[in-house]
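Just one chain is shown here, as structure tokens, and it is the form predicted alone.
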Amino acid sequence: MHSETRLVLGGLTTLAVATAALVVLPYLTVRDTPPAPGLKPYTASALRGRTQYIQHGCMYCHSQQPRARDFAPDAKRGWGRATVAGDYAYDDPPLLGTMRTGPDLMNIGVRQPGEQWHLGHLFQPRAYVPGSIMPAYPFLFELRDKAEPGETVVTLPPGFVPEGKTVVARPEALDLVSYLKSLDRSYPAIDPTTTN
């Protein structure tokens, strides 16, 4: 056999083994993973908010995958337990993220359960986290002289309310906050390798 043929066959064999190990095996292992006990499906508002999360690129700076205690100090940071496959059963696609310019958000609904905190933080992050490099999202809000009945008024810390104006959350902001508040994986994780 010629050395070129062996080289090509060796390359194809390496590619086949790598594909099996990195694509096929994980797919077969987790494709039918049921939702983790305690995981609730997203509401219609949270699903619309998830779309906002994707459209505004939140996953470029925030991950949704706290790591195990042996690998990172995520639990010490208050980001929650390491996630398991069943935690993502209703996520299509899972928004794991690749960077942590900001904190992991998988359990932000536990750490910050209040709607007003999220709304204010989206309107002006530095009002809640001094020195934050997160961009503000003022286009998710309207500045009004007075809010209409039924509208959600954002209560901001002193010094951050535009003078003489009322900050009113648009439906997109309320949906995004609904999604963020739904990020709660504080129920116990079930290790799929120990269940039959």
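Bear in mind that the values here come from a model prediction, so they are computed numbers and not experimental data. Position 1 is the first residue in the sequence shown; the rest follow in order.
Omitted from view is the form predicted in complex with ligand HEC, to which the following refers.
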Which listed residue (G80, G102, G97, G120) meets the criterion of a heavy atom within 4.5 Å of ligand HEC in the model of the complex?
G102
Contact with ligand HEC in the model of the complex, heavy atom within 4.5 Å, among V168, C58, V161, A36 goes to C58
Counting any heavy atom within 4.5 Å as contact, can you tell me which stretch out of 65-73, 147-155, 123-131, 40-48 lines ligand HEC in the model of the complex?
123-131
Is there a heavy atom of P135 no more than 4.5 Å from a heavy atom of ligand HEC in the model of the complex?
yes
Residue contact check: M106 to ligand HEC in the model of the complex, 4.5 Å heavy atom:
no
Y53: heavy atom within 4.5 Å of ligand HEC in the model of the complex?
yes
